[in-house]
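A single chain comes next, written as structure tokens; it is the form predicted on its own.
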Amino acid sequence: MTAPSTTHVPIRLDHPLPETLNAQIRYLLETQPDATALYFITPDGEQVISTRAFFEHAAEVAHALRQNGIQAGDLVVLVLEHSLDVLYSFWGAILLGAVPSIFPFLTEKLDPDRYFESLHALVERSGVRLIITYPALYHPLNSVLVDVEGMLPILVTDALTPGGDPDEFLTYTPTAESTAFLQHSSGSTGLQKGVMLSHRAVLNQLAGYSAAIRLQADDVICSWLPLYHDMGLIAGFIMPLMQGIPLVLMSPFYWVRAPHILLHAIQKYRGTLCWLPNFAYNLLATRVRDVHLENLDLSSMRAFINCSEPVRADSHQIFQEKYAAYGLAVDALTVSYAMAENTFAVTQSGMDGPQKYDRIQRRPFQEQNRAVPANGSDADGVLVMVSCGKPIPNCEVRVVDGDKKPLPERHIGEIALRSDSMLTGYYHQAEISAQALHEGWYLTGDLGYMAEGEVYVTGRKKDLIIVGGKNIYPQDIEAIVSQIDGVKDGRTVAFGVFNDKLGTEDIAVIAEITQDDEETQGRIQREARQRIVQATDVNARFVHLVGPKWLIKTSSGKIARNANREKFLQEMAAEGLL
């Protein structure tokens, strides 16, 4: 591995921050042009790319964008696979001063009609000036966008001229408050809200979060995360590149087919940091065969960081039990609470001591919105909550009630944050932007509580199920049902259905099953109802079992709760069951 130049100083809170990402690119090219920026792993092998080579390829894209009339501030959408093409195109747009946004690429799991409808809506609503894609998608995209007012250029990857010179574009100087790029929230019908992030906000996040994770010059970041999500884009792409830290990157499609490749990449490149959504801990603990673990060494890892999904204590446990024998340190499992509206991280746990878990009483949690510590004599059940840690530097977090008034510790309410790395607003959506902020605080829509200065996230405000005055979190039900033999892991969704006769909500859960014979269905339904009532003290009215491809997913691959609820209600109404 080529070590970074000793003259390089990463972005740090105790040094003057660069004004823009462009200024940081200039600095990297001056101080460590020959250092390895990227190891890109594919089924065919690896490509090793230096800092200078990376931005030369990005300059090829910048040149082509300029040839197509793109100027500073223009929105450019990337319809590209997880590949070098999307990496270079993203930074090529930034070199020119354009605003890149990565659109999820069409896969076999996405409905093509819905996919192209979403792209059409984005182009119309957001004033997209150009799309970068592959030659094979040129004509399909052109036909879908034919009715868009004005001629929308579509730049195909094979039109790029080799031999770009980044120095040609480094004379461009955006302001610190210029929009650097857009991150989009995901939804069942495509990309919903474009989160505008300024150069200043991104650099503040990089400095603050680097301090929170104790980023070091000899760190190596390993990632398979998709780049249209904030965790993959910031932690698994922008941060290592801008900090001069080597990045080991692979496609999520390659990883999901062979999860052990991440572990072997960590060993080969002596990886130290890796961000994972919660499901990946279960997958790596249960789906990797022992034959793929021979001579594995994970002792280089400083932190696996659980992020982007509700964090489960049992997922940490089975992962630790699986990989302790391969050098995984007991204090290497940490958590971050993050969101695109804060660029990325809001909190970070476990870097200065053991990861914290909070054992609380179930009844006050459900009925009083309080997180009361449990003790050995509790008979009403115990819930184990996972700390997301303390706010990162220059970020404040508080929990508020329905009137947006701060709540005391261990009282559950909506999480609000204020920081120097927050969004400027939502792109071309001024009304929604105004609603998101209250006296300078961003209202996240997440529910949680604070305890000893640490943040505990309990669920989404809009997803909460209230049954007879008891608060039930759908994520808890989904985790319970997913553990039943015959239910496909990660293929459950729970929600509330209002019962007019009772004047309260009923619990409904949908689960994808691996076998559809009547005996198996009956067993799963009985076991699901039994486990749900044991864990929540509430009965589930509906346990609906479905086959493959019934469940609707978001563009980021998550189960779309609201869309599946609507589909379920339509089916039940058609059968006269509601």
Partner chain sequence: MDIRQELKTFITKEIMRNPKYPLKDVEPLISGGLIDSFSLVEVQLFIEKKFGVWIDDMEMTVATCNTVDDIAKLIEARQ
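Residue numbers count along the first chain shown, from 1. Since the model is a prediction, treat every value here as computed from it, not as a measurement.
This next part talks about the form predicted in complex with the partner chain, which is not shown.
Peer 1: Within 4.5 Å of the partner chain in the model of the complex, counting heavy atoms only, one of 113-121, 355-363, 471-479, 255-263 shows up; tell me which.
Peer 2: Heavy-atom contact with the partner occurs in 255-263.
Peer 1: Is the partner chain close enough to R200, T424 and A574 in the model of the complex that each of the three has a heavy atom within 4.5 Å of it?
Peer 2: Judged in the model of the complex, none of R200, T424 and A574 sits within 4.5 Å of the partner chain.
Peer 1: Counting any non-hydrogen atom inside 4.5 Å, which residue from N499, Q216, T173, S251 sits next to the partner chain in the model of the complex?
Peer 2: Contact check passes for N499.
Peer 1: Just one of A35, I513, A64, V543 has a heavy atom within 4.5 angstroms of the partner chain in the model of the complex, so which one?
Peer 2: Filtering the options by heavy-atom distance leaves V543.
Peer 1: Contact between Q530 and the partner chain in the model of the complex at 4.5 Å, heavy atoms?
Peer 2: Looking in the model of the complex, residue contacts with the partner chain include Q530, since a heavy atom lies within 4.5 Å.
Peer 1: Looking at the partner-bound form in the model of the complex, is P548 within 4.5 Å of the partner chain by any heavy atom?
Peer 2: Looking in the model of the complex, residue contacts with the partner chain do not include P548, since no heavy atom lies within 4.5 Å.
Peer 1: Residue-level question: is D403 within 4.5 Å of the partner chain in the model of the complex, judged on heavy atoms?
Peer 2: Close contact is absent here: in the model of the complex, D403 is far from the partner chain, nothing within 4.5 Å, heavy atoms only.
Peer 1: Would G522 count as touching the partner chain in the model of the complex under a 4.5 Å heavy atom rule?
Peer 2: It does: once the partner chain is placed as it appears in the model of the complex, G522 has a heavy atom within 4.5 Å of it.
Peer 1: Taking the partner chain as it sits in the model of the complex, which residues of 31-60 have a non-hydrogen atom within 4.5 Å of it? Please list them.
Peer 2: Residue within 4.5 Å: P43, and no other.
Peer 1: Answer with closer or farther for the CA-CA spacing of G503 and D446 in the model of the complex compared to the shown form; it moves by 3 Å or more.
Peer 2: Closer in the model of the complex, by 3 Å or more.
Peer 1: I want to verify one pair: D446 and T504. Are their C-alpha atoms nearer or more distant in the model of the complex compared with the form I supplied, knowing the change is 3 Å or more?
Peer 2: Those two alpha carbons end up closer in the model of the complex.
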